[in-house]
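Given as structure tokens, the chain that follows is alone and in the form predicted alone.
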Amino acid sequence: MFDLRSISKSFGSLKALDQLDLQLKPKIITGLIGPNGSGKTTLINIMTGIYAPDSGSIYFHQQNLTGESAECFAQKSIARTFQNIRLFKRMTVMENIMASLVTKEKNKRNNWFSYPFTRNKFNLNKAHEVLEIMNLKDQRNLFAEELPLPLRRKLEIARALVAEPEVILLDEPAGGMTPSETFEMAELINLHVAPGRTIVLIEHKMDLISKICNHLVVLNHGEKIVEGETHEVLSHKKVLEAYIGI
């Protein structure tokens, strides 16, 4: 369903991705790991239209999206979160979630800010459902900037989830979290984010990767070095050398 063919991307003299091929398996959690600078986030940026590849092709359900805008990717039911959290800091938790529906409802965009969010009952109900799922109901009237880091990360996922995407790409969703917070995030992803969806997860925490990922892809120097079932990949010699460093 998501097919990347011979993707290359450079920034000046730095080659971030080099002739990378990747075919996502539908409705499973694929982990994307590798050392810092291996090209993981660059790949996610290409898969969401933030960057265009220098060469290669991107297909989604056999439709060529190469060179299309980030808005086009979002309208194809592809959502993401960011390693460096991107929220509307001076909007409430509820407003942040409601605002994420603007891209999905492209044809209604001109009407969105002409009346209060509370009049859009259907989307308001969806927002409340996601707040409940992500354990953010009690914080719905707080400004995003008032939330501690774990709740800001939950809010980012909630913003992706409310648009009911087919694919969600999670860039270090447990970054900066304690072990107990990481465990809770893993449970939320398993129970409420992953079912029925295709997930790509970038993460450095191997406990989280091993707990929830069905499939694993390892990058190093912009190239895919190993791919396969999670338990097999984590014990592969190339992974131990390039990623874990033994």
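In this text the structure is predicted, and so the values were computed from the model without any measurement. One-based numbering along the sequence shown.
The form predicted together with a small molecule exists for this protein as well; it is not shown, and the discussion that follows is about that form.
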>> Residue-level contact is defined here as any heavy atom of the residue lying within 4.5 Å of the small molecule in the model of the complex; does F183 satisfy this criterion?
In response: no
> Even though the small molecule is not shown here, does G49 get within 4.5 Å of it in the model of the complex, heavy atoms only?
Replying inline: no
> If you check in the model of the complex, is G39 within 4.5 Å of the small molecule, heavy atoms only?
Replying inline: yes
> Does the 4.5 Å heavy atom contact test between E172 and the small molecule in the model of the complex come out positive?
Replying inline: yes
>> Only one of these stretches, 173 to 181, 191 to 199, 30 to 38, 58 to 66, has heavy atoms within 4.5 Å of the small molecule in the model of the complex; which one is it?
In response: 30 to 38
> From the list N135, T92, Q75, Q83, which entry has a heavy atom within 4.5 Å of the small molecule in the model of the complex?
Replying inline: Q83
> Heavy atom within 4.5 Å of the small molecule in the model of the complex: which of L22, L234, A16, V226?
Replying inline: A16
